[in-house]
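In the form predicted on its own, a lone chain appears below as C-alpha cells.
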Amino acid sequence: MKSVLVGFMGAGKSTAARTLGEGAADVDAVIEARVGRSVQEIFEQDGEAAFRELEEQATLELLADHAIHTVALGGGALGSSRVREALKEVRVIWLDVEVDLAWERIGAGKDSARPLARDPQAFERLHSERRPDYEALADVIVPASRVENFSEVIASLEGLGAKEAQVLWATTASGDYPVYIGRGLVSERGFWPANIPGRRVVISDYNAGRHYGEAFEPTFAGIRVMPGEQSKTLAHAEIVWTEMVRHGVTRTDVVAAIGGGVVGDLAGFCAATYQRGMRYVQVPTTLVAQVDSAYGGKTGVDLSEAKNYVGAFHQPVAVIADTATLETLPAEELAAGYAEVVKTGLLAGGALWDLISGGAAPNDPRVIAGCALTKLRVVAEDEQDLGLRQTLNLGHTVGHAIETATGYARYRHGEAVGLGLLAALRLSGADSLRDEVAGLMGEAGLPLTLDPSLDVDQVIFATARDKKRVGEGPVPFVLCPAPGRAQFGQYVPPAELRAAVKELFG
C-alpha cells in the first residue's frame, strides 16, 4: 500500500521518508536532481508558478511508480487538483506541525533559504490556510514530533486498507500508540494490529462480551464483569486479578478491554497493576468511550466516597474504535455519550464546535475523530494532569459530585456530566452559551434538571472531594466563557456554586 506524506514546511516529511529507506522518495529532492538547481533557486529564477508545474509533474509520476512505496510531498502540493484526485487511491499521512515549531525547524526569517518562510505573519497565514486541506485528506494524522523511527508508524498500518479507517497517532512522554477509528473494524473483521504480539486476555462486560467477545479469537482468557459503574471498584478489580492468575496470565500477555468507560478504566487499572504492569488495548464500544475515556491512559476505580480516587496513568498500546458498535447502543446510552461530545466541542472551539453545534449526529465519524484528536493533543502536552489536561474535566466537578451523591446508580456518567456542564457554563458567566448547550442536550434526550429527591448540600459536599483538589485549598473548577477558551484552576465563590447547583433542580 503506497503512502504519501503531507504537511507544512518543517513537518519533517523528508526526515520521515529517509527513515524508511529504499522505496521512499522526496518530491523536492527529485525536482532538484532533475533540474540541477535548488528549490530556492527555481522559485527565485523562474517564479512559484513554474515550480508548481514541476512539482505537480514529479508528484504524479512518483505516485504512479509501483517501485515507490512512500512519497513525501512538498508543503504546497495539495494546491493541485490533479494531485488531490490522485491521493484518493493512496494512504495519506499528515505530519501535523504547530506553526512555532515549523518556524524554528526550518530556520525561518528574512534570510531563510525558503522563499515562503521569510515573513512571520505571511508564514502563519499560510500555515492556517493549508491546515484544513491536510486534515480533510488525511487517513493518518501523526504529530511532527514523531518523525524519527517513522517505520513504527508504518508498521502499525500493516493489514489495514488505505481508506478502511482513520488512524491518529497518540504521543505521550511515557509511550506512543495508534488509534484506529473506522466502521466494522471489530464487528466485521476483528482487526488487531499486526505489531502487537502476545496472548490476548479479553476483559469485557456481559453486554459488550455478548456482541464482540469472540472478535479477537484465538483468545487466551476471557473475563466478564457486570455492566455499570457499580463494577468499577477495588472488589471487582480483585475479581479480575484473581481470574487472571487462575488462567495463568503473565505480564507478556496483552489485555483487550472491550466495552465502555467502566470496562476501559477497570481493565486498564488491572493491566497497570497486575505483575506490576502489562500491555492493554482499548476497544471502546460506547460513544463516551470512543470520544473520551479510551484515550490518555487514565485508569482506575471508584470509592464509595468519591469517583476515580484509586488509579494509575497507564497508556494503552492501541485503541480500536469501531463506529458500528454504536449502532447496538440503547438511545439513552448514546445520549449519555453526547454530553462528552459537547464538552469536547466546547474545549476545541473552531471547526469541531461548529460541526457539533450545527447538529452533526453524535456518532458521525468526523465528530468521533475530532473529539479523539482534541483529547490526544491535550494529553500530549500534559500527560500527568498537572495543568492543561485539567480542562478535560469541564463539567466533571459537579458531574462527579452528582454521581457520588447518588451512589453511582441514578445517573449515567454522561448524564451527570451534562448537568455539570450546565452548572459550569453558568459559573463561567456564559449564559447564552448555556442556553445553546441546554438546547443541544435536550434534543439528544439528556436530562436538564436533577431529581428533586436529591439534596443540594449532598452535591456541594461531594464537590469538595474532587480529585483535582490539592492541599487545603478550594476545589479548582474548569470554566469556559466561550468555545475554545476553557480555563482551569478557577476559584468559584461558594454562594455562586450553590446557586448554579440549585438551578439544576429546576
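For clarity, every value in this text was computed on a predicted model and none was experimentally measured. Throughout, we count residues from 1 along the sequence that is shown.
Keep in mind the form predicted in complex with a small molecule is missing from the figure; the text below concerns it.
Looking at the small molecule in the model of the complex, residues D205, P227 and K375 each place a heavy atom within 4.5 Å of it. Screening G213, G370, G261, G74 for any heavy atom within 4.5 Å of the small molecule in the model of the complex leaves a single hit, G261. The contact with the small molecule in the model of the complex, taken as any heavy atom within 4.5 Å, belongs to K298 out of R426, R91, K298, R279.
Taking non-hydrogen atoms only, T328 approaches the small molecule to within 4.5 angstroms in the model of the complex. Under a 4.5 angstroms non-hydrogen atom cutoff, the small molecule in the model of the complex lacks E98 among its neighbouring residues. Of the heavy atoms in S145, none are within 4.5 Å of the small molecule in the model of the complex.
Among heavy atoms of Q166, none comes within 4.5 Å of the small molecule in the model of the complex. Of the candidate stretches 286-294, 112-120, 128-136, 173-181, only 286-294 has residues whose heavy atoms lie within 4.5 Å of the small molecule in the model of the complex.
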